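Coming up is one lone chain in structure tokens, specifically the form predicted alone.
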Amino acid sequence: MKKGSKTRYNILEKGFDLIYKNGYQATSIDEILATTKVTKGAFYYHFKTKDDMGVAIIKEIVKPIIQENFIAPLQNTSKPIEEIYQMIKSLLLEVPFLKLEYGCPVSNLTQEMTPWNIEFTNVLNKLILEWQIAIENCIKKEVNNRNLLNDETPKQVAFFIISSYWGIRNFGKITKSKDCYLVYLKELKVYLSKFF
């Protein structure tokens, strides 16, 4: 990786860490510069604005992690419903990138930025839609595998799983305890069991 590319990636990585911890609007360019030890000129060489950097963080830092941990586990699985449960369990209890005290970075950015910035809205919507479709495809596969007739559509299930995951992440953030995750996982198992 060339020096310029390393500098750019360092800004994105450290910027993400600060934004995940403190929120996007509470994180200043000056804080990012102090953490990265990059000059203002170097920052503006790589990014026109803070928002330009924020969108790049979603595309280049957050998206690969989401694809690896949220989407890839659901692809090519022989037990789709079990894999949805295991994926959520892993996201709550095992993935070190996701911190209890900070919640879900995609949910945080969605709540904080989509009312104010169309670019954020577009990139976040695209990312969330990828996860939603991966969940929908799992449900469709399970329905087809078992010739099930179920009242709930794959889209309804995907909406429920995503929104309940974001919700329990917020409970974890507030309580600073994974106990709520364990209760949630029990109920998620009950919910998903109707597809077995």
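Note that residue numbering begins at 1 and tracks the sequence as displayed. It should be emphasised that the depicted structure is a prediction, and the values quoted were computed from it without experimental measurement.
One more form of this protein exists, namely the form predicted together with a further copy of the same chain; it is left out here, but the text below deals with it.
In the predicted complex, I81 stays away from a further copy of the same chain, with no heavy atom inside 4.5 Å. Heavy atoms of S107 reach within 4.5 Å of a further copy of the same chain in the predicted complex, making it an interface residue. None of the heavy atoms of T36 is located within 4.5 Å of a further copy of the same chain in the predicted complex. Contact check for F171: a non-hydrogen atom falls within 4.5 Å of a further copy of the same chain in the predicted complex. Within 4.5 Å of a further copy of the same chain in the predicted complex, a heavy atom is found for none of L12, S90 and N137. Listed residues V62, V55, I162, V143 were compared with a further copy of the same chain in the predicted complex; I162 is the one with a heavy atom within 4.5 Å. Shown without its partner, the chain has T175, K176, C180, V183, Y184, K186, E187, L188, V190, Y191 in segment 175-192 as residues with a non-hydrogen atom within 4.5 angstroms of a further copy of the same chain in the predicted complex.
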